Each structure stands twice: as structure tokens, then as C-alpha cells.
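In C-alpha cells, one chain follows: the form predicted on its own.
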């Protein structure tokens, strides 16, 4: 069992990723840290608690982190995730769950310095950039750093060239990538090249409800808004669920394949947030990133659905193998 911190901005797909992690015996979620991104940090904290309450896992601690990007103005993604950040499901608040005085970065610092803890980052990298500023040794103690963010050959989702998490706080993303390069470390970048191939369709959702009515209904409540958004803006019949793929990659590194390359994040102009991947080695610099370009779609869905629905591989095959 590997210990992980989930750093996120819940968010619909963040919530699905939390569900996967907490239903996977390979990982122990030692804490969830919240960063401003899809939703403001206070809303993200509440949303994480709502998901934990549904899962019966309020024992998992949640800490609030950065409320705005490192340099630029904060721009939420509630147009994508709904007024409440959870697809306008308006789930009831969890009583007696106040934001702790200890910050997300303080929590990260304490836990990471104990060793053998990884981070799966599902939002902007603001908390991690702050960790570098306050305690670089704690950052360098991260066993594996998996980030849902960026894009290589795929087009962006909030500009022609940029993915939202890195576009939201490009200065923090650049700070993290630059620090990794200087210290001969790598980030595992689960970007739009691979996440765009993970589409939850109405048919899959219907069979999820057939397999586990309680979980299926919950997923339907939080994704309905997401379905409508994807149809309106990308003409996708279904919704792309980005963040669970990062958790799946942490659990099973065979799900994704790609390249190692020096990568830099652009911080301004029309290409703000773009991840510039030197796949051809023009800069003659050592790699600071694993850039994933291929995904085993069937392997992802079997892992994701068997875990969150609590069904066997045989039951999964009967219901879902027809889709992949």
C-alpha cells in the first residue's frame, strides 16, 4: 500500500478521482489538500467533505491551501463544473467540518518529511509551488509526483494551446517544472493527450446504475451538468473525466505510455499555460517530465468501474466489455 496526498480543486472529475483512490487497496490517502481552481478553495473544501461523507470516509483529513494563483488573477471553472462546483447537484453540506487552522502546505511539509509519500495533483500546482518556497526538502521528499495537467500534441481546453490547470496558474506550474529540472527529478504529466480518450457516455452511466444503483445515482447527479457542458462546447456525447486517469496511472503505471522530455511552461501572452515539450531534444536538456501520449482505455475503465462500483471483473465484463 502506497501513501498519497491528493492535491485537488473539486470539481466533478476530482470527486470521481477521490472515489477511485479511496476504493483502491493499493493506496492509502493520508490527506486531501485543496487549491483554488475549478472552484474557490472554500467551496473545494466543502465539496471534498461531501464526497468523503458519501463514501463514509470522513476520517480522511482535508486541508485548505492557496486561494489564488501565484501571480495572475484567479479565474474559476464554475462554468464547466456548475454553480456549486459539483454539477449543480447541491448536495447537503457536511455539518461540523470546519476548515482546519493548519494549512495545506503545512500538512504537506509535515507528512512528506516523514518519507515514502507521493502526491497526485489534480488541480493547479499552486500549493506545490508554495511548498518549494517554504520547504524545498519536503518537496524533494515526494516519492512520485503525478499531475493531471498540460498537453503535448492535443489542443487545449481553455485556449488553443493550454489545459486549464496549468493555464490557471502558469507561474506555479513553471516553478515546479523548473525546480524539478534543477534537481534531476521528473513529474508524471497526465495531460489532455490521454485524458481526452476517457469519455463517460450516457450508456456507460446507465450500466453503472444497473451495477450499483447508489454509486451510479451519485455519479449521475454530479455529472449531468458536465454532460451538457461537453455537448455544448465540444459536441461530445458524454463527458471527459480527466482526473481519475491520474489516480489510475499512480495505481497501475502500465495504463499509460509516453516519452521523457525537458518541458517548460509558458507564463504569458496568447500561449499562457502551454507546456512546451522538447520531444526532439533541441535544448539538449535532461528530462524533467514523463509526458504520456498513449492510454489503454479498456484497462482504465476496468480499474475505475470495478473499484467505484465494487463489482467483480466478471460482472464488469458482462456489463461493460461491449464498450471498449
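Numbering follows the first chain given and starts at 1. Since the structure is predicted, the reported quantities are computational estimates derived from the model, not experimental observations.
Form predicted in complex with beta-D-ribofuranose: not shown, discussed below.
Asks: Which residue, 249, 242, 223, 172, has a heavy atom that falls within 4.5 Å of beta-D-ribofuranose in the predicted bound form?
Replies: Of the listed residues, the single hit is 242.
Asks: Could you work out which of 129, 146, 192, 108 is the residue within 4.5 angstroms of beta-D-ribofuranose in the predicted bound form, going by heavy atoms?
Replies: Filtering the options by heavy-atom distance leaves 192.
Asks: Do residue 125 and beta-D-ribofuranose share at least one heavy atom pair within 4.5 Å in the predicted bound form?
Replies: The answer is no: residue 125 has no heavy atom within 4.5 Å of beta-D-ribofuranose.
Asks: Is there a non-hydrogen atom of residue 47 within 4.5 angstroms of a non-hydrogen atom of beta-D-ribofuranose in the predicted bound form?
Replies: Looking in the predicted bound form, residue contacts with beta-D-ribofuranose do not include residue 47, since no heavy atom lies within 4.5 Å.
Asks: Is residue 38 close enough to beta-D-ribofuranose in the predicted bound form to count, meaning some heavy atom within 4.5 Å?
Replies: Heavy-atom contact with beta-D-ribofuranose at 4.5 Å: present for residue 38.
Asks: Closest heavy atom of residue 103 to beta-D-ribofuranose in the predicted bound form, within 4.5 Å or not?
Replies: Heavy-atom contact with beta-D-ribofuranose at 4.5 Å: absent for residue 103.
Asks: Pick from 161-169, 211-219, 112-120, 92-100: which stretch has non-hydrogen atoms within 4.5 Å of beta-D-ribofuranose in the predicted bound form?
Replies: One stretch meets the cut-off, namely 161-169.
Asks: In the predicted bound form, which residues of 1-29 put a heavy atom within 4.5 Å of beta-D-ribofuranose?
Replies: Those in contact are 9, 13, 14.
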